[in-house]
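In structure tokens, the next block holds one chain alone, the form predicted on its own.
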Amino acid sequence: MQTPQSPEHPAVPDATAPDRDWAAASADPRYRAAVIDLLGALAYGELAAFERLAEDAKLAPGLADKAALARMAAAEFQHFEQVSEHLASIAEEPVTAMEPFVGPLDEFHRLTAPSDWLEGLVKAYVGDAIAADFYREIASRLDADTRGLVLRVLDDTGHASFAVEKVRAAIEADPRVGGRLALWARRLMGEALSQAQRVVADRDALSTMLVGGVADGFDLAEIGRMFSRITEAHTKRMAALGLSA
């Protein structure tokens, strides 16, 4: 994942961010429920990223690549622990908060299981970045304490530059690889957006936060602009990989 300042990601509209801290914001039970859902999804996403990177390490063509992915997996697990510890600190059971998101995320990973090393790199680069873009968009509407946690968890693990280097080298060595990986990345984009929409639709608190009514949430027009920014960022990431969107 990339840092919030990365040009590969859509800008977060900081001017709309609430100045309240968690103690004040969580007095609204609707807001608290939305944040618990958000953190539950984020925590399970980080745990799944750890598991996936550890599995991808088995596909690595060399020892140096295997070690690099292992370090990235360890960083993702540290992010998972940060969110879990925060949930516990606000009297929420991390496992309970994660449970509603296990099915959708596991289904996404089942539908997008990579067949080789390069597909695994593209999946982590594209899939994780789309999720990170979505979380950053929502973070702009969160209380200061929760927003800080979310942005810290989305810090770069080094995977983006690693994936770009390896994929571009593979395409240079065999240009035919580019077409296959471009199709794969488009499939990932479609599945990621589809799963995100299903999750939001199934969770009333999250959907309310997005369409309005919780913490000055987005209106419907802003949701459209949000997905446009995410799509634009995806196009830029594809170009960085040397692939067409």
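In this text, residue numbers run from 1 along the sequence as written. Since this is a predicted model, take the numbers as computed values, not measurements.
Quick note: we don't show the form predicted together with a further copy of the same chain, though the next part is all about it.
Comment: 66 to 74 is the region of 190 to 198, 175 to 183, 66 to 74, 24 to 32 lying near a further copy of the same chain in the predicted complex, near meaning a non-hydrogen atom within 4.5 Å. Though the partner is left out of this view, Ala205 does not reach within 4.5 Å of a further copy of the same chain in the predicted complex, counting heavy atoms only. Contact check for Ile90: every heavy atom lies farther than 4.5 Å from a further copy of the same chain in the predicted complex. Among residues of the shown chain, Glu81 is one whose heavy atoms approach a further copy of the same chain to within 4.5 Å in the predicted complex. Interface membership of Ile36, defined by any non-hydrogen atom within 4.5 Å of a further copy of the same chain in the predicted complex, is ruled out. For the options Asp155, Glu107, Glu165, Glu99, the residue carrying a heavy atom within 4.5 angstroms of a further copy of the same chain in the predicted complex is Glu99.
Contacts of stretch 34 to 50 with a further copy of the same chain in the predicted complex, defined by any heavy atom lying within 4.5 Å, are made by Tyr44, Leu47, Phe50, listed in sequence order.
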